[in-house]
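One protein chain, two forms: both are listed below as structure tokens, the first as structure 1 and the second as structure 2.
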Structure 1
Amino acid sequence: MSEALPPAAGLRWTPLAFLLLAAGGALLVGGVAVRSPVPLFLALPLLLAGPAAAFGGPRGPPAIRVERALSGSLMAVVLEGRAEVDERTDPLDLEVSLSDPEGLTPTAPPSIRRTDRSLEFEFRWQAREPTITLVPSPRIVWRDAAGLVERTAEFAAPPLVAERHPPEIVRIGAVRLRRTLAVPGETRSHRVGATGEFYGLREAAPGDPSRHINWRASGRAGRLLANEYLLDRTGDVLLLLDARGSSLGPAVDERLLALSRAAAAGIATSFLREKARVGVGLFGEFLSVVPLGAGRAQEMRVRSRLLKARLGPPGVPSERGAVAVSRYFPPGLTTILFSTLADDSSVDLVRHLRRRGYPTIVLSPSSIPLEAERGTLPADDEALALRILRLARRTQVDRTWQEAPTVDWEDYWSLERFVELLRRPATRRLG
């Protein structure tokens, strides 16, 4: 991630300084016009205040060292930071500001505490729905007490990434995936546990179910022995985001794409931690991909690509996406498709993928909660409109089910149904 320096670190006059200058100039002209020294006496402090403020402040950009960290719970995002200033700068004259990151809503005014040589700040937001977003560096500005001149502090601080997704995503990595290459590289990950192929014997422990006890071996050994199983947890998965515009309109499409990005980032992280290989495809106007890979570097690549994902134009043919996928990824690859299913072309994409040999599972963020948020109709009409929308949505999901297992994602903070679907043996056979 590139480091960002705030622009224009030199001295700047504020609009208030220009206002005072204009007033001083007007008084000067007025004084000459009415042949009176009184306006000149008023003009004098107004004209001199700006330069005096500049002479009284630091003579260069304040040098500041900033430390920041993101924290928070499921929906809350908290940015806490501390700025240490040099001895020539009074922390009382420093102002901190920060643009609200995309998808986050402020829940409290920023908290700023100043000590002798430092400034501590805290920003609190809430994620309306699952999100992955960049939290930019705060802008720290020295401004004189009268607010006439200011200097932007210089410090290097790369933006932080805030990720909030449904809690079930952490369990998704335990799903068994199919391997699509015979020699996949150093990505083997085994887990010895209660499921999988037989691995060995161990001393039975209290709480072991009786079906795990190896009775023959126990009889021979004269003590209780339990079976252990080996689960090969690696595999390959493609996360494909249908980022084409739809009939829902750009505003709704953007929010649904942001949801898909967040879910894809969470799912990718979860699988990568199990040493599976993950690839990502973003199908907007064309397909841009992150090829299959594993490890922390791949996690960074996937995250970076997802953060850059933008909505494409509507009306892009679905077959183009499926053909492009087949150029980059081998057939048979388990594919999780994120699609709004708003138009027939979304269903077509599922069909084309299936025909080219990609076992697909569709996770479809529903637009209905967003439509309900708008609430432009009277209550009764609104309820009726939502019922009709739900019926139409159910029909579309049913149509998609004929091509691939589909999860209608309406409760954005839960992916329980999706995880359950992935863990079902019938679905696993898809992979």
Structure 2
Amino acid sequence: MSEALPPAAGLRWTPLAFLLLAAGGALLVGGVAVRSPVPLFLALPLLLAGPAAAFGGPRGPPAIRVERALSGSLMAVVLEGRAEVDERTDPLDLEVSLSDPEGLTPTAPPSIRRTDRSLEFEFRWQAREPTITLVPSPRIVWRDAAGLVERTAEFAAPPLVAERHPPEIVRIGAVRLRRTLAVPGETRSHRVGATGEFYGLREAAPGDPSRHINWRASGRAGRLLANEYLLDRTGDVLLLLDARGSSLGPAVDERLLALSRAAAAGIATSFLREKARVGVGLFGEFLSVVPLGAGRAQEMRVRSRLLKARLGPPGVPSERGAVAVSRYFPPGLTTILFSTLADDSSVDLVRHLRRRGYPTIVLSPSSIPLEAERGTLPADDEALALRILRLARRTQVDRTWQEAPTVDWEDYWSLERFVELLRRPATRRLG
């Protein structure tokens, strides 16, 4: 919920007001030129319409309290909100607008409902591919009945974060990772539950499996209670995004980087919920990192850094990224590298990471679906062009497999192959 800011001057004239002023001025000049009172009488209401509308409206930006919430499932994103106004503002004079967030496509016109003292709005979008993006606050404007003057309501409403990931991401956190740093004084009980030592009871959540339900305690309490376990750390993981530009071009690189950001955000959240430590590295021109950490605060830091990720210049040496990683993270850390594998420098980065003792798993978003969507392939031989692209892609993936396990991520809404690869113990012993 957002609180209204102190009123400030923000009166603006619309193009219609300037048109009326111009028409009134022309009539005034014409009446003086022909020495006739008729144009003067016609010019008077046109000249006074704008000032009268401004004088009859509020003296400052409307005082508004706004509540917003994001909902939706799978690919759907729904923004629902409510703006409450004071008795001096009529909701019929308010208009709501919102620019479409990056990566989201509108699926229905905005829904606006007005009551006596409030304004309710709803915006619907669809994520064409996995994404993590900021949904800005709506723009609420007071406009007079004639549409001559307007004031923008000012309220403190930070952007909301919309995340849409492949459904398999929720299962990634259950993978047992390699522990790189010992926890001083950590001991384990001889009786360990399915996910750790027994800690206590809590209200059962809809997603709790039946084996976590404490049926005896639920029978005594008359409601479902679940066992809560003191989870010990499962290990450490580094999410490394190769944000350098490639030969695919800035447009394709930006969309592939957006896919990598979305996947990295979902994987980080899944591991952090299982008490693992997660670090993030963004390798553009230089390496920008979020050090290893756990907990809710770390989740917020990771999400904030991923939202700020931008494409770097091409031609940055791969060894620079591997050397920078070794300065911030200990060797032996399970590393998930997000790379397009469009150029040889991407394979070089995997090689340099392995030489410095980082067991790496490569998740590579493919550019082939984007190329087909953009219509850049020859129309006459599109099937042949796609086959050639896939053969070239297969060759690059095979080259990378010689250095580290690699997943060719072409179906953006499925990470089943990546989850299965991550579960194999052999992949954690590589390097």
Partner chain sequence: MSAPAPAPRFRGIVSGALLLVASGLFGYFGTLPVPLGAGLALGLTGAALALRAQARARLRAIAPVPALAALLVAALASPLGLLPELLAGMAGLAFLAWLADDPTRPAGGLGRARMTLLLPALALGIAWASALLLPSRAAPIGVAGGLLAGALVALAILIARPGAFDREEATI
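FYI, numbering is relative to structure 1, first residue = 1. Only the largest set of C-alpha atoms that superpose within 1.5 Å between the two forms is called the rigid core. What you see is a predicted model; the values in this text were computed from it and never measured.
Structure 2 derives from the form predicted alone, whereas structure 1 comes from the other one. Comparing the forms between structure 1 and structure 2, the C-alpha position of Ala392 differs by less than 2 angstroms, with the core used for superposition. After superposition on the rigid core, displacement of the C-alpha of Val38 between structure 1 and structure 2 amounts to 2 Å or more.
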